[in-house]
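Given next, in structure tokens, is a single chain: the form predicted on its own.
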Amino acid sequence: MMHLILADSELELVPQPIQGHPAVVKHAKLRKKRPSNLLLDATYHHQAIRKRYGSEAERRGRPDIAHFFLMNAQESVLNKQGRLRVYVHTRNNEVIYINPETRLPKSYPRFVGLMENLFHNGVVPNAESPLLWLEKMSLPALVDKIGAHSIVMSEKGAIKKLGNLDMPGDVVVIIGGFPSGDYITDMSFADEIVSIFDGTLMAWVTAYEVIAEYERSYR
């Protein structure tokens, strides 16, 4: 089984300090929601993010990364075969569990609405038949709970060809869920930190590459 984690993802509700910013208030009125129930999105809230968070502004508010990543992972052959488990870990140390049978919205606005419901209610659609659910948990705690060989994908890692990756039958692959910079979480707990390309790859591209390699290795 491959366990695929999008780590330190920039997926969160609008933080309290910027809920009153004009850009956020305007967007909330447009969506007919309270600012506190909106997903932070740099497309609409960049002015508020930049004013409050300065040097972090370029990485905050990027739910689109999680959307592309999850679409690639959930629609993969590996997932359809029942050999993939996918998780999203957020910058606020929350973990989103995804039922393998979940078919996420292809429409980005619908995906945003789904995530807003999840953060508000803790589960979607309900506790009796959950497709997505949220738990407060750190990344090391999640990896320890899974209990498999862990590989972190990082530009700072040792460069390895895909075919040379040490991916046993049970493996955890961790991919950054942010557009720039480095992991917030200290990754020293991981068994390996590697790079599969001498440069930057989008999270969903990395996910596609490692899933395909795992499929080839365990046909």
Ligand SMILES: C[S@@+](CC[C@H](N)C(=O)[O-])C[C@H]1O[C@@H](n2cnc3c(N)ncnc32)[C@H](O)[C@@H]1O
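Note that the coordinates shown come from a computational prediction; the quantities given were computed from them, not determined experimentally. Position 1 is the first residue in the sequence shown; the rest follow in order.
From this point on, the text means the form predicted in complex with this ligand, which you will not see here.
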Please run the contact check for Val194 against this ligand in the predicted complex: heavy atoms, 4.5 angstroms, yes or no? yes
Under a 4.5 Å heavy atom criterion, is Ser55 part of the interface with this ligand in the predicted complex? no
Distance check, Ser154 to this ligand in the predicted complex, heavy atom within 4.5 Å: yes
Given that the partner is absent here, does Ser188 sit within 4.5 Å of this ligand in the predicted complex, heavy atoms only? no
Position in contact with this ligand when the complex is considered in the predicted complex, options Leu13, Ile18, Ile211, Ala203, heavy atoms within 4.5 Å: Ala203
Among 39 to 47, 66 to 74, 23 to 31, 154 to 162, which stretch sits within 4.5 Å of this ligand in the predicted complex, heavy atoms only? 154 to 162
Looking at this ligand in the predicted complex, is some heavy atom of each of Ile175, Phe178 and Tyr183 within 4.5 Å of it? yes
